[in-house]
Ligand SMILES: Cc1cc2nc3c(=O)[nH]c(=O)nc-3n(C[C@H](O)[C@H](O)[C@H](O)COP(=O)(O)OP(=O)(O)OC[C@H]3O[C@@H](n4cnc5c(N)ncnc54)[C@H](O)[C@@H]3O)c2cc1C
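Just one chain follows, in the form predicted on its own, and it is written as structure tokens.
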């Protein structure tokens, strides 16, 4: 029996739950949901704001993962509370893969797709774009099954936790592949911005990191193996000769392997090793997505406030994410540059730094990551499909059983649950 959840993964947000249920069967999930006035599912607790907070917590860890492979080996399904690490191990046993992974492989699938969490790569959509089918328990306890091509499917994948309790996810899979990882360091801000498209397009998955404490960034290039020699320099940056952590100076022992040595997709696409379970991180996270055409200008705008960022930021990461058709995705119909901030665990300092970031990025149509820290102001109105999403939510959950005051304000622009 899991105890009452107190905080998120990083211990930076304290939950307000008064009750917690850990069902052992799908029938029990249905009964609990139908009999609850307000309820929220909790997965890996990797959100940094109140999006998953509520009165009653539902934790699905006691349900079986039950991974299954389709007959044509083009899709795999698994319990929604499974992590991408769980999924990767199952797929590896069948020589299969998913198209991408986030920095950490320990996040739950249902939670990741709910908030449009992503990896990197100019040609790759966020993790939710791999979803081809969902099963969830609706407010009345019924089971809803929806597949790609069904009406409103595009509104259900990035679900923000407000449509129901996701119990099963089906994802597109492809043959397993290998990836190499090469780290370059000493990239200047000017070179990063002048060559941004070439850098982001320069591998299967690419990340650039900076701390803003000096004019030096890293490039992590994750690519499929090639017979061509790996260049020693890249846009003025030099190939690292020592293994690196994304935050320079930190022990890289748990970072995924580098030096252009080929390894399984699941052992290279994340920044951290699959077998390494992160402790509760001493950090707070924010992330903003801007249209990719504004990417270089957005980075230069951050460079102008480096003196406000450097004391609070542990690392700033830049990644490309491809456009999609999912209603509540920050990538809806726009290729984006993701600007991710890992902050020191100082709530007041982070609040001030986030304010500076939001002011700097304001000209560039920024949208925050749904599960991270940003100023508490309504953002749903910036989504073209908000009205359709709200209609969908009201049909599936007419009383707001899966909502909370934060969601009502930030997503739907209202002050309280209706």
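Everything numeric here is computed off the predicted structure, so don't read it as measured data. Positions refer to the first chain, counted from 1.
What comes next is about the form predicted together with the named molecule, which is not displayed.
J.: In the model of the complex, which of 170-178, 114-122, 192-200, 212-220 comes within 4.5 Å of the named molecule (heavy atoms)?
T.: Selected stretch: 114-122.
J.: Taking the named molecule in the model of the complex as the reference, which of 158, 298, 87, 110 has a non-hydrogen atom within 4.5 Å?
T.: It is 110 that has a heavy atom within 4.5 Å of the partner.
J.: Of these, 388, 36, 44, 375, which has a heavy atom no more than 4.5 Å from the named molecule in the model of the complex?
T.: In short, 44.
J.: Just to confirm, residue 99 within 4.5 Å of the named molecule in the model of the complex by heavy atoms?
T.: So residue 99 does not count as contacting the named molecule.
J.: With a 4.5 Å heavy atom cut-off, would you call residue 283 a contact of the named molecule in the model of the complex?
T.: Yes - in the model of the complex, heavy atoms of residue 283 and the named molecule come within 4.5 Å of each other.
J.: My question is simply whether residue 320 lines the interface with the named molecule in the model of the complex - judged by any non-hydrogen atom within 4.5 Å.
T.: Output for residue 320 is no: heavy atoms all beyond 4.5 Å of the named molecule.
J.: Quick check on residue 9: any heavy atom within 4.5 Å of the named molecule in the model of the complex?
T.: Output for residue 9 is yes: heavy atoms within 4.5 Å of the named molecule.
J.: Using a 4.5 Å heavy atom cutoff, which residues in 348-375 contact the named molecule in the model of the complex? It's fine if the answer is none.
T.: Contacting residues: 369, 371, 372.
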